[in-house]
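For reference, the chain that follows is the form predicted alone, supplied as structure tokens.
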């Protein structure tokens, strides 16, 4: 039975083409594809499965549970977990061949204790905070970190990384400061006789803005999904949106000029017009503030959103156009003749594309297209 409700069409052909174009841009480097938050709202299993067989591909998630989902789905690629280490999941992480992140001396102590107790622990990357003020060793701790790792040579350290706070901005001065700090700490580690199989600092913004940050492993998140990390980043890689978020028209009525539409009556029709009800609401991920200036696209034409969106539905003013019940309107993305960049909506309502993409939920059905 066809489900009448919002749909997120996931265009896997675009995903693979985006990956190809990104790889052309960064050269022959290993790619760490970020599929946290259910693949930025696209469906982590479908995204990972579509590109898992491509050469030199690893995946990154935030939570241990996200990594388990990928393993149960048959993904055999390397998977790096970004979150703080939790002792209770280190044993299954080892069993599932997952890679974890150490970002504090407590983390290293837990890894050391587990290794001494069981003779094994997961491979891990160490993370330094170079200016995000989030997870990561302080730069001033580098001597202690490298000293402990030198003392405990049996610990399976595999990589070193950091994260930019502003690589997608027009002003890159802070990003350059972070990059220089990261280069320095990597050098300190190498001078301390440590070997790092993977060195990584770039994110999507750095892919576009900072080629000096590529090292031998490049992390890519939102750019892989065909979306710019910010409106300031130069889009010098050709990508297409992987998701098309659509909603079905379930009712159409002809109303007179002066008719109020939706809660609060903030929208009043200026002439006799066709008002369509779209069965998608803010409970499904519709960006509610977008109604003030927003529109949808139908057969290549933009039509104004009429009034405040509801939890389950919203209305569209179609003028003299008479759409068919069951037809879909595009809310954002690119499908057939319709295109509305999610970045535009984010900019207009003062949020980010990240928030809009990961906000797709509720009754939204994900449909993968090869």
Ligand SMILES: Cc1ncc(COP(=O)(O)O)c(C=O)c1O
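Residue numbers count along the first chain shown, from 1. Because the structure is predicted, anything quoted here is derived from the model rather than measured.
Unshown form predicted together with this ligand; subsequent notes refer to it.
The shortest heavy atom separation between residue 159 and this ligand in the predicted bound form exceeds 4.5 Å. The closest heavy atom approach of residue 34 to this ligand in the predicted bound form falls within 4.5 Å. Within this chain, residue 134 lines the site of this ligand in the predicted bound form, having a heavy atom no more than 4.5 Å away. Interface membership of residue 222, defined by any non-hydrogen atom within 4.5 Å of this ligand in the predicted bound form, is confirmed. Interface residue among 64, 59, 40, 318 relative to this ligand in the predicted bound form, by the heavy atom within 4.5 Å criterion: 40. Of the listed positions (82, 290, 182, 298), a single one reaches within 4.5 angstroms of this ligand by any non-hydrogen atom in the predicted bound form, namely 82. Picking from 247-255, 265-273, 91-99, 201-209 the stretch near this ligand in the predicted bound form, with a 4.5 Å limit on heavy atoms, gives 201-209. Using a 4.5 Å cut-off to this ligand in the predicted bound form, not one of 16, 29 and 215 places a heavy atom inside that distance. Taking this ligand as positioned in the predicted bound form, the only residue of 104-129 that brings a heavy atom within 4.5 Å of it is 127.
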